[in-house]
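Just one chain is shown here, as structure tokens, and it is the form predicted alone.
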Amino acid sequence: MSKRIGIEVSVAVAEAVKLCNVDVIAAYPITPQTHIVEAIADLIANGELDAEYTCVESEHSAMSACLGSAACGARTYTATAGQGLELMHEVVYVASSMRLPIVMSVANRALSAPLSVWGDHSDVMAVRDTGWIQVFCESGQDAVDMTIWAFKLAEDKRVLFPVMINLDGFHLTHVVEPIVMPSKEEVDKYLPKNSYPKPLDPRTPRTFGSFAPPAIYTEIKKSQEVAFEGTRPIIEESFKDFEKHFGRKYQAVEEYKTEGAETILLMMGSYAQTASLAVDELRAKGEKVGLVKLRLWRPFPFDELRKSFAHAKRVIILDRSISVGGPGGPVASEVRAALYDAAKRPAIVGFIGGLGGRDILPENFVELIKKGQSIAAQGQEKFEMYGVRE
């Protein structure tokens, strides 16, 4: 039976990894991810998880080790954050191109310089186009559930792509939340044993990731893109399958009080919980405001967002990273691309805030929404850095 307990989210993620019977973990500790891999190391040392823990000298080595274990058919997990994700950046591409079902938790963290260990989405936005399926978590429960879900999705023979689970550094990783932890029996019933279709085996030699001349490289990338886009219906199917087994519903795009909303706030991650309080306050005053939470970041859910915004007059987007020299934040750019040909395109106003872990309180979200409405009323679609002291 599932059990509801109070537990630090990082430790809960480690427990979820244990429930999934992972074979190999290769990871390097980095704040704010460290508690996850420390807890996993304890589980192995205590005999609670029968797995190989590879102690590596860097995140680049961690992902390299994961390539080898996943290619051999081992259920493989890693975790990282911030600068660590950027150090493994080169190898992250290889995992998706070689169709290796690795699962990785990213404790989202701001990037240097200046040095910051606190959370924002700068790290993951730097790897958004690496070919990994990517989801964002709003709560500790999400982080546990998405970990279990990710292994089943990644290892599905119709998918065979790595999955990245994003959870906000400190605002999620280091807080204690009430979480329903599934039982071992429930997870075993849900998650079959990994059966990688073409594992490395000296008895049947194969070549992985070999040199590709210009004559074939484009075709290989086209094949990868077609296969990656082909995961969309399988992802939806997998969300429904998870709900069937555990009773908790997840979707690529999730709506909160959007009925009749003329203004919609869009965001990802844990700050959506705080934003919902602002929406509650404004709705209580009769304002037609709603919240849309983007769970699936890659592949990007264009169709679902178009449906969510079909009746909105304005969309206000909070990005927690900045595309320096670009049109604002990465999420706002994607939404503009999704809606560029919409018959009744809403006004799109982008904000960038919460950088380096700066808090945005419910009253700040009320102010942000009202400011976005004012900008849209002036016929502008610019972006602003929210909360800057000038």
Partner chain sequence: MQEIRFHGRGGQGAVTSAEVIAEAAIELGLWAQSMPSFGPERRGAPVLAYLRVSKEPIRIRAEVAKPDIVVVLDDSLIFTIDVASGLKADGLLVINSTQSEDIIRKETGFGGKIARIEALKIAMECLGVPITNTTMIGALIKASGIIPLEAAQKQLSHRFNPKLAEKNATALKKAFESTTIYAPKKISAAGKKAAAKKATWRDILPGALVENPGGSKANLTGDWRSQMPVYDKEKCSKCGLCYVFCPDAAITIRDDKYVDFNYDYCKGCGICAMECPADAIAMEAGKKKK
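Everything quoted here is computed from the prediction, not taken from an experiment. Residue numbers count along the first chain shown, from 1.
The protein also exists as the form predicted together with the partner chain; that form is not presented, and the subsequent description refers to it.
In the predicted complex, Arg99 approaches the partner chain with a heavy atom inside 4.5 Å. Interface residue remark: Tyr190 is not counted as part of the site for the partner chain in the predicted complex, having no heavy atom within 4.5 Å.
Contact annotation for Ser112: none of its heavy atoms lies within 4.5 Å of the partner chain in the predicted complex. Although the partner is absent from this view, Gly286 stays clear of the partner chain in the predicted complex, with no non-hydrogen atom inside 4.5 angstroms. Remark: of stretches 210-218, 286-294, 241-249, 102-110, the one touching the partner chain in the predicted complex is 210-218 (heavy atom within 4.5 Å).
In summary, among the residues Lys307, Lys184, Arg158, Lys222, the only one with a non-hydrogen atom within 4.5 Å of the partner chain in the predicted complex is Lys222. Although the partner chain is not shown here, in the predicted complex the stretch 190-208 places heavy atoms of Lys198, Pro205, Arg206, Thr207, Phe208 within 4.5 Å of it, in sequence order.
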